[in-house]
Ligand code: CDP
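Let's start with one chain on its own, the form predicted alone, as structure tokens.
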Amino acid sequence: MIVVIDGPAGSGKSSTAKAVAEKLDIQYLDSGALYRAATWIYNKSDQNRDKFFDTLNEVNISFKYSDAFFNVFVDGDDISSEIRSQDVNNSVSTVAAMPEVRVFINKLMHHAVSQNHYIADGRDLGTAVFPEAQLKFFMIADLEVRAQRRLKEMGETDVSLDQVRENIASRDNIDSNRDSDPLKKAPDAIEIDTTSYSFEEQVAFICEQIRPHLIATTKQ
């Protein structure tokens, strides 16, 4: 079974999906982290497209969800912290808009969810990657709230709130207007505005929607 949560940057989908995975004892798949890994490779390739795609097709990207953290590895090296840098933030929407990258990451994700129960978060999972998902959620929040959340997620940094806000607004524009699988709500997705929701409330709501589906699949 696959459950997806889509939404713009900073809407709370990643932290919510992780909490739901822990509460329901299912696997968590962070699609954004995989695109960040591709972006990390892109930056290491001096943002040269030819060099980037040559490298992308040669390296091994693997991942593991353990102890409430999604770890990403490139050729066995843990890059989980490096993919959260501002350099990666600045380029991830550009890389994620490349059709070849989307095909590459989608194959990784489909292979992962072929077995077991998963909850995944991203931007086009319910519309393009997993249109067959048993449940789809679309999370939104005010830009200011999202910027504050992202700054807190980054921890100690020299980056200002204004810079984070500008970066998220730019990513919103790129993600919503890209030609390949733009950010949009799936027609059958349940929308959740997390601006005024407490974290506990949104986690409880999603768990409540998922539990009957878990019970049904267990009985099959």
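Residue numbers run from 1 along the displayed sequence. This one's a predicted model, so the numbers in the text were calculated from it and none came from an experiment.
Form predicted together with this ligand: not shown, discussed below.
Of the residues 185, 178, 165, 44, just one reaches this ligand in the model of the complex with a heavy atom at 4.5 Å or closer; this is 178. Residue in contact with this ligand in the model of the complex (any heavy atom within 4.5 Å), chosen from 119, 147, 92, 139: 92. Not displayed here, this ligand is approached by residue 35 to within 4.5 Å at the level of heavy atoms in the model of the complex. Although the partner is absent here, residue 194 lies well away from this ligand in the model of the complex, with no heavy atom inside 4.5 Å. Of the heavy atoms in residue 9, some are within 4.5 Å of this ligand in the model of the complex. Heavy atoms within 4.5 Å of this ligand in the model of the complex are found in one stretch of 131-139, 110-118, 96-104, 73-81, which is 96-104. The partner is not shown here, but in the model of the complex the stretch 115-134 reaches within 4.5 angstroms of this ligand through a heavy atom at 122, 123, 124, 125.
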